[in-house]
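First comes one chain, alone, set out as structure tokens in the form predicted alone.
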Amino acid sequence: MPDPTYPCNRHFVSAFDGTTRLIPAGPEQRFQLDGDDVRAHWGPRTRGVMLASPSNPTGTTIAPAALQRVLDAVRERRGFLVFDEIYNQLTYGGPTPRSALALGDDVIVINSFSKYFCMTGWRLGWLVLPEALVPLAEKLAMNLFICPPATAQYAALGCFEPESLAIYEQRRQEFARRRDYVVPALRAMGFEIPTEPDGAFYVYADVSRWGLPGEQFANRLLDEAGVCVVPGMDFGVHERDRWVRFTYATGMERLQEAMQRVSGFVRRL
């Protein structure tokens, strides 16, 4: 997995007695892996690669050509690629999002109703697998959760009504508006954001200019200004003290107030 990455993915692997190898992925490659990373770090015990696009915590997508290179490197080693598309439809400013399923039927794709369809509390998602893996996934489902509640499944059907899809598109555009407000506001305060997010609802910001590690910066920002951000240490180990993650998954008025509070905090620093 790239470093930084969504922390729960590491724990999922650990739950099945596997280990995760985090590969440093900086802003120069949009915090994503490339085929050369896979080839350089694949060892005799490596079995697969997991990516997310757009990514949590960075909000960055992986370019189609880079994804193809990763998949080529994985195929050369007879491994598997797990691709997390949970934010796939929450992109803006770039090409129309494309599912990794278009690359072949050997990719494992994860998705959910939680983000684009705003059903976070319903815990409903889906998994698209190579046919040979379906019986194994069915055994896991049978023993872990059997199936999602019928109520959630019926509710999800409403997501595909034309009226619902129109609302989701409006919300996607609203996320773009918030991104276009928050990123310039943070940059004006002195935060370095070398890679602008083009999806999800996160900004990965460099706080090193203030001489505080990300955890200390986040704790003081919460205590002194009442604004909650997540330090980079939650998402990996590479340059973890350099970063904090902002999210703009709230209304514009609250974001404006938050930016005012952050501005006052960094001025005092």
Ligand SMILES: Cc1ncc(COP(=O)(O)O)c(C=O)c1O
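Please read all numbers here as calculations on a predicted model, not as lab measurements. One rule holds for the numbers: they count along the sequence shown, beginning at 1.
Omitted here: the form predicted together with this ligand. The next part is about that form.
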**Report entry** Of Q89, T195, S114, S99, the one that lies within 4.5 Å of this ligand in the model of the complex (heavy atoms)
**Finding:** S114
Report task. Tell me, yes or no, whether N56 is in contact with this ligand in the model of the complex, where a contact means a heavy atom of each within 4.5 Å. Result -> yes
Query raised in the report: Wondering, does R171 line up within 4.5 Å of this ligand in the model of the complex on heavy atoms?
Result: no
Query raised in the report: Quick one: is F265 in contact with this ligand in the model of the complex, heavy atoms, 4.5 Å cut-off?
Result: no
Query raised in the report: Heavy atom to heavy atom, is R123 within 4.5 Å of this ligand in the model of the complex?
Result: yes
Report task. Check, residue by residue, if Y6, D84 and Y202 all come within 4.5 Å of this ligand in the model of the complex, counting heavy atoms only. Result -> yes
Report summary line: Only one of 130-138, 72-80, 184-192, 115-123 sits within 4.5 Å of this ligand in the model of the complex by heavy atom distance, namely 115-123
